[in-house]
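Single chain ahead, by itself, as structure tokens, in the form predicted alone.
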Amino acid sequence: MSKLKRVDLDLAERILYPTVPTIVLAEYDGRVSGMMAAWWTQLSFKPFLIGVAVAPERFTYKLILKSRIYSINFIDSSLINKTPYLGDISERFYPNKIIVAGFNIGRGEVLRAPILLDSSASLELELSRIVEVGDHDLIVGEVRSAYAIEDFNGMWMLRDYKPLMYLGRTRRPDKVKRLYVKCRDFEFTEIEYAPGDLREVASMRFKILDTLEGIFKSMAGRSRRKVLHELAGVLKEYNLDPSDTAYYYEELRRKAYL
């Protein structure tokens, strides 16, 4: 029997936590500001796009729009006591809050965007677009450079870097508190990609993609209709739904094979 229970929709967004928040930093006209953003995600490999949800009222939102360059930074849980300056007060009413908090600001090597020198990792981004998604806007930026401490070696070793994890905040009328998780140790578990009986199924997917890519490249300059016709023929050979051709076409087109 399922152990799931119904959750009030007013509380449902807390199911998405914990998150590893990022610190968004931007500068315009000599003024640097930063904010903690819990809602962020990678959107694309090529180009390397990251989206961060920011409310228009935020002072950092204004700086991003004005300068069109910014950084996102990831801090270690040891800096937890500095977080009220990042998430609770606005630069609009508390000038130089980043410096007052004791953070050190540097410059990225590519865009010269402000970055937190105290962070465990920083990414410089150039504004790509802004998408209205409700009470927040999705700030979409292309990553132009990346920096990390030695604990990052192709992936995080998690020996020195202990990510700060955010669980959300309590609600009024009680005293408002932000809740964080501090990790001391991590247990690593490795799961083989598509193990056992799954290997053949996964291999078939990539075999078909490679075949379709070859056709797509060979038909550069041909009409969309003709390319779709050839791709559909491959799907039929593998007993796949020919109507899926349009989805494969979009996959290949967006990877800029033409």
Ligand SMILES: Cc1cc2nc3c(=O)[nH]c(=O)nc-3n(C[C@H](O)[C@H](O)[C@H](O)COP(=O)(O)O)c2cc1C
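Start at 1 with the first residue shown and count on from there. The model shown is predicted, which means the values in this text are computed figures rather than measured ones.
The same protein also exists as the form predicted in complex with the ligand; that form is not shown, yet it is the one meant from here on.
Of the heavy atoms in residue 76, none are within 4.5 Å of the ligand in the model of the complex. Shown alone here, residue 89 lies within 4.5 Å of the ligand in the model of the complex, counting heavy atoms only. For the chain shown alone, residue 59 is a contact residue for the ligand in the model of the complex, at least one non-hydrogen atom being within 4.5 angstroms. Residue contact check for residue 55: one or more of its heavy atoms lie within 4.5 Å of the ligand in the model of the complex. Among 69, 50, 227, 36, the residue placing a heavy atom within 4.5 Å of the ligand in the model of the complex is 36. This chain is drawn without the ligand; in the model of the complex, the residue among 147, 166, 103, 161 with a heavy atom within 4.5 Å of it is 166. Partner contacts here mean any heavy atom within 4.5 Å of the ligand in the model of the complex, and among 117-125, 175-183, 103-111, 152-160 they occur only in 175-183.
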